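Quick heads-up: the structure tokens below are two forms of one chain, split into structure 1 and structure 2.
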Structure 1
């Protein structure tokens, strides 16, 4: 079991919640979140390479010994950040399960993700992590693993739509998936809503792109 540092007993580390002291597990979760928030700030400010574990310690107000009890390396911190993002993505892309069509599911899931990431201001961090993944094998494995889980939610939906004659994509499924995932990543990194692009206009453009690639097959009324 992880030992709790003295800082966890300081004001802010174990504050009362609704008048009652936090449990040991709750204090641990609170400390982890503080570390992750501090690391995000450092990564965006100094870059992954420039940000050191010492800087993260200073940002969070924690001794190196205490920090290393939670995370042995920056790569471990990135993995924890990606895990939190993965849970958010599972929620955003969960709309795929109840979609009326493959195209509609993709549009609604993408818009939910774009809105969520923009509200969180995650674009600078996403860009830094993707950049670092080009140099760091451990970070690449974490980032690509996260991306692969999202793809695993989308691909079966498209495969079924193709099998049922609902869509007739312009390219084979593997290529289609590669393009869609790259477009999604680009939208997350660029954060168009923060640049002044209205969400309703963005949805119109994204829907047109999705329908152009998927080519939904419109059913014709049955002959009377």
Structure 2
């Protein structure tokens, strides 16, 4: 019975905060984005299963009926969030194109990944995705797809380094790939910048590791 005359979020407002008029489609996209942002906040706070639709509705400032006009189910929101996070994360690996060397490309990509994850505070979401991917087919597909894309960018770099004898020949390419991808995940999940490890020192340590791993052991006599 209480009349809430909330001037914001009225259905037909058709304008954003800056007063700009928006078309229906634009307004719809904007609402979808608001829902995704709010849902991400809730999922980071409580996990995919722990966050309820009511909490998400409260975070958006929207009723359940309204929210269900934009997403058919909670699962659909989860998938959209994972997909968006995945695409967002992919931007970190653009540095791999045009890398001067395999080692430097890996270092730059990893640092971009770590920095991006830390700054956006999405380490909890990433951990949640990783955990959910072990039982949720759609999330697993998203995660694996992302890893596949990253791997496809790293692999030619390493393959060329191998061809030029720049990598310790006892290490096989697929294994090297798997280890590097796992290492990147571990670093991203742990969010070391947030735990007091400065980015520059982290880069130094990571570079030492990568260069050490890739550097051919020239002093070793019998490589055959």
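Residue numbers count along the first chain shown, from 1. Given the structure is predicted, the values throughout are model-derived calculations rather than measurements. Take the two forms, superpose them, and find the largest set of C-alpha atoms that agree within 1.5 Å; that set is the rigid core.
**Item:** Panel number for the form predicted alone
**Value:** Answer is structure 1, the other one does not fit.
**Prompt:** Any chance the CA of residue 128 moves 2 angstroms or more between the two structures, core superposed?
**Reply:** No, because once the rigid core is superposed, the C-alpha of residue 128 moves less than 2 Å between the two structures.
**Message:** Using the rigid core as the reference frame, would you say residue 83 shifts its C-alpha by 2 Å or more between the two structures?
**Reply:** Indeed, residue 83 is displaced by 2 Å or more.
**Message:** How about residue 72 - superposed on the rigid core, does its CA move between the two structures by 2 Å or more?
**Reply:** Where the cores coincide, residue 72 still shows a C-alpha shift between the two structures that is 2 Å or more.
**Prompt:** Quick one: CA shift at residue 170 between the two structures, core fit, Å?
**Reply:** Residue 170 C-alpha displacement between the two structures, core-aligned: 4.5 Å.
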